[in-house]
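First, one chain by itself: the form predicted alone, in structure tokens.
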């Protein structure tokens, strides 16, 4: 199905309507937001079978993977709705007046309030969880912000179906007209127009570095700059420390062969760089990893554009000085399929060539072979910001490599031990973010209810009478929220 790109006039109308909705929605009780988001989840359950069918046709992803992602999206909506109602994200601070202090201390009360309309860009590799009703949308609604989704053209019909489910939920729960809008646009200009619109107050994006950085730059050129929360991918380095690798080279290789090729390597948490120290254990690891990769069949990628980019970036990486192919799948790829590939390079060559640091989005990883501990440390110090970093290590390895561990902490948002980076749990303790260029703001996560904090700002009320304060800040705490009152956490009335 072909959808028409939104015109500038249509975008203007949508944004003005969204602003009017914001003025009403931000005043609704948290319970009403909760009801709306639960209704969205229910609507996604109601259309599960046809939705997965369409998404499978558009993305080439298997139906079981898509159904799992759909269920995750439903869980996200409910989880973030529950967090919205709990209100911890409001970060309420109350310091009561001390009139006899010199000078007198005023009564000051602070809480978070929504930013305004949020533009969300759908992700190509997650048609549900990071797209139309995905995490950014759920966080924005929880925060009290209307959402304008720019559908990803690679799964536009899926996005349209989900959008209609959101419209139905909004109608059933009597949300303000304009609380949600859905825009189509093949090229960058549609997104640029949305980001530049004066009614837009924040942006959520998951995708390529080029796309996320371009939107970030546009937003900062506005007369009123706005925050752009771009999650732009990562190579997710894995450091193979010697004692643990000696103990479990084959098991680790098997685990990483599966992680590298999961969903044809089309995860932003795909382990694209492995780093080890020359020796017998690393040789065993590489042999086992190569044997596993040879037995994994090529598979169709999300769409022809991603398949073409994988072929080009893979070829470019393999053409670099000192890079060798260790293993590829024993089966020849068909059109638009990703060929599982493991390459190797010496740390000397890797340190000289920043192109080898770049993501090859697909079933590809490169093993960087270091001469010793010092060279592994040097590699860590030269890596850019990442969503994740992993160590394969014993406790003794960690103790023996403390400077390396500290260096890795500086470049990642999630630090994994003896696991794989693929698979992002939706929970409060998750941090799906990281230092630039993994994201444009390492202070925030795009997964877990803490992601709500991206779309709010603090405001303090000074010397306001109790009757005029928001319910969240009133003395009797009618909403029963946790608040920090005079430096003590409490749900009690003042």
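Everything numeric here is computed off the predicted structure, so don't read it as measured data. Positions refer to the first chain, counted from 1.
Below: the form predicted in complex with another copy of the chain, not depicted.
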**Location of another copy of the chain contact in the model of the complex, chosen stretch of 119-127, 256-264, 83-91, 334-342 [non-hydrogen atom, 4.5 Å]** = 83-91
**4.5 Å heavy atom contact, residue 224 and another copy of the chain in the model of the complex** = yes
**Prompt:** Can any non-hydrogen atom of residue 414 be found within 4.5 angstroms of another copy of the chain in the model of the complex?
**Reply:** yes
**Prompt:** Is residue 402 a contact residue for another copy of the chain in the model of the complex, using a 4.5 Å heavy atom cut-off?
**Reply:** yes
**Item:** residue 110, heavy atom within 4.5 angstroms of another copy of the chain in the model of the complex
**Value:** yes
**Asked** Is every one of 26, 101 and 105 within 4.5 Å of another copy of the chain in the model of the complex, counting heavy atoms?
**Response** yes
**Partner-contacting position among 31, 49, 57, 442 - heavy atom within 4.5 Å of another copy of the chain in the model of the complex** = 442
**Request:** Answer with one of 292, 384, 378, 349: the residue that has a non-hydrogen atom within 4.5 Å of another copy of the chain in the model of the complex.
**Result:** 384
**Message:** Where, within 430-464, is there a heavy atom within 4.5 Å of another copy of the chain in the model of the complex? Residue list please.
**Reply:** 430, 431, 435, 436, 441, 442, 443, 444, 445, 450, 453, 454, 456, 457, 458, 459, 460, 461, 462, 463, 464
